[in-house]
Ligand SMILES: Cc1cc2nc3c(=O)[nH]c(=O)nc-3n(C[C@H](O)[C@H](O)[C@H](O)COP(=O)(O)OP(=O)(O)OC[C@H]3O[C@@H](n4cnc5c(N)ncnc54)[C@H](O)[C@@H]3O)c2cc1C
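This document starts with one chain, in the form predicted alone, laid out as structure tokens.
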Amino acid sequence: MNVAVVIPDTSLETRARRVAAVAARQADAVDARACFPREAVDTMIAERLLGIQIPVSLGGEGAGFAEIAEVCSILGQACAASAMVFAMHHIKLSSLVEHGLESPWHTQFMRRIAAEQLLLGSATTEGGIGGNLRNSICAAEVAGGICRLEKDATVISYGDHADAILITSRAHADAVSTDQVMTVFLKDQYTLEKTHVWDTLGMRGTCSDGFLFRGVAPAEQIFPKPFAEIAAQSMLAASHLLWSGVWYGIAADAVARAQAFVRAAARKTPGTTPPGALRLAEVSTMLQTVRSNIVAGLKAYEEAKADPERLSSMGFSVAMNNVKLCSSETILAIVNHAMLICGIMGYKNGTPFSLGRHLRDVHSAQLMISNDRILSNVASMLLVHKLDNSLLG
């Protein structure tokens, strides 16, 4: 049960680190058992982190994306699954914040999220569309002010544990596959019949099983804007930036473990340079590259938010896609370098330098919206879009 807890007036970073301390203690067990990080999420609720993005006028804290990405990074250094749950929640919440303020129902729902610290799940994938979230087979059926929807959702982010699910579909039965809407369904407005079990290499604790979703809700819970606008103007950037924050956190912790290993080796043989020291110097530059990439992306998004045309432009889409591509590909090399530095102690489980969980978790990065699909989209855009080659943009 979600219980609203009044917390002391402390900084967002301090609250995030308290959650991270809980998440770190359960990270290995969450991974080994593929179980939802319940304690970490309950601590997020107690620290009131699930509503920080919501405007102050609606009971939230009006946190910007840079602050939210920083929390993703802090949690990612402790437990990738906990961090990804937090990131996915705020990716869905960004759709409400950016596109729901003109809708009385969605505005009131944001008040509820802030007050009750509700957890939002995501259902954008579907059997038969190959992971392309900008296409749907299922269609919303709206009649008499009621929306009915049935969807074969191959993945629903922590579906069993969400308080509400934001789900995509065709706007109506005669709509083409790309004419989509997104609808909010509250937990008591849908049923889930499990069709696929989330038994994966990494990110095991996100528990993103597949379900046959059946929902009935008032039609006012459909977002007033088409999903095409939501995807282009908020979801694209939110996904790539907050996911990158999580991945940076995983990589940063791997580098910290490698640095601790090198320092321990240096203490054993004073006056000599440990074998892994040069690799550590090399991997630090790679980590800085990822960090700079994300920070630049956050800055670009904040600058573009006031201009809907810019948010929907090819140039902005290329930039956000490149953030994701750079982050997801570079972190794998970073964690692999850290493994080489730590050697067998990184390869073994149960040591202070163990990196198996990190390595498995970061393999998900290139698959969460396939990099091949993203590269194909970028390639098509670059046929007509001229890159901005200035240094400062």
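Owing to the predicted nature of the structure, the values given are computational and were not obtained by experimental measurement. Numbers follow the displayed sequence, beginning with 1.
The same protein also has a form predicted together with the named molecule, omitted here; what follows describes it.
**Q** All three of S94, P224 and Q233 touching the named molecule in the predicted bound form at 4.5 Å, heavy atom to heavy atom?
**A** Not a single residue of the candidate spot has a heavy atom within 4.5 Å of the named molecule in the predicted bound form.
**Q** From the list F109, F316, F261, W198, which entry has a heavy atom within 4.5 Å of the named molecule in the predicted bound form?
**A** That would be W198.
**Q** Looking at Q26, S364, T330, T43 here, can you tell me which has any non-hydrogen atom within 4.5 angstroms of the named molecule in the predicted bound form?
**A** So the residue touching the named molecule in the predicted bound form, by this definition, is S364.
**Q** Are any of the heavy atoms in N293 no more than 4.5 Å from a heavy atom of the named molecule in the predicted bound form?
**A** No, N293 is distant from the partner.
**Q** V155: heavy atom within 4.5 Å of the named molecule in the predicted bound form?
**A** So V155 counts as contacting the named molecule.
**Q** So in the predicted bound form, is the named molecule close enough to A140 to count as touching (4.5 Å, heavy atoms)?
**A** So A140 does not count as contacting the named molecule.
**Q** Contact between A83 and the named molecule in the predicted bound form at 4.5 Å, heavy atoms?
**A** Result no; A83 lies far from the named molecule in the predicted bound form.
**Q** Select, from the options 203-211, 186-194, 249-257, 302-310, the stretch whose residues sit within 4.5 angstroms of the named molecule in the predicted bound form by heavy atom distance.
**A** Of the stretches listed, the one contacting the partner is 203-211.
**Q** Could you pull out the residues of 362-379 that have any heavy atom within 4.5 Å of the named molecule in the predicted bound form?
**A** If the 4.5 Å heavy-atom criterion is applied to the named molecule in the predicted bound form, 362-379 yields S364, L367, M368, I369, S370, D372, R373, S376.
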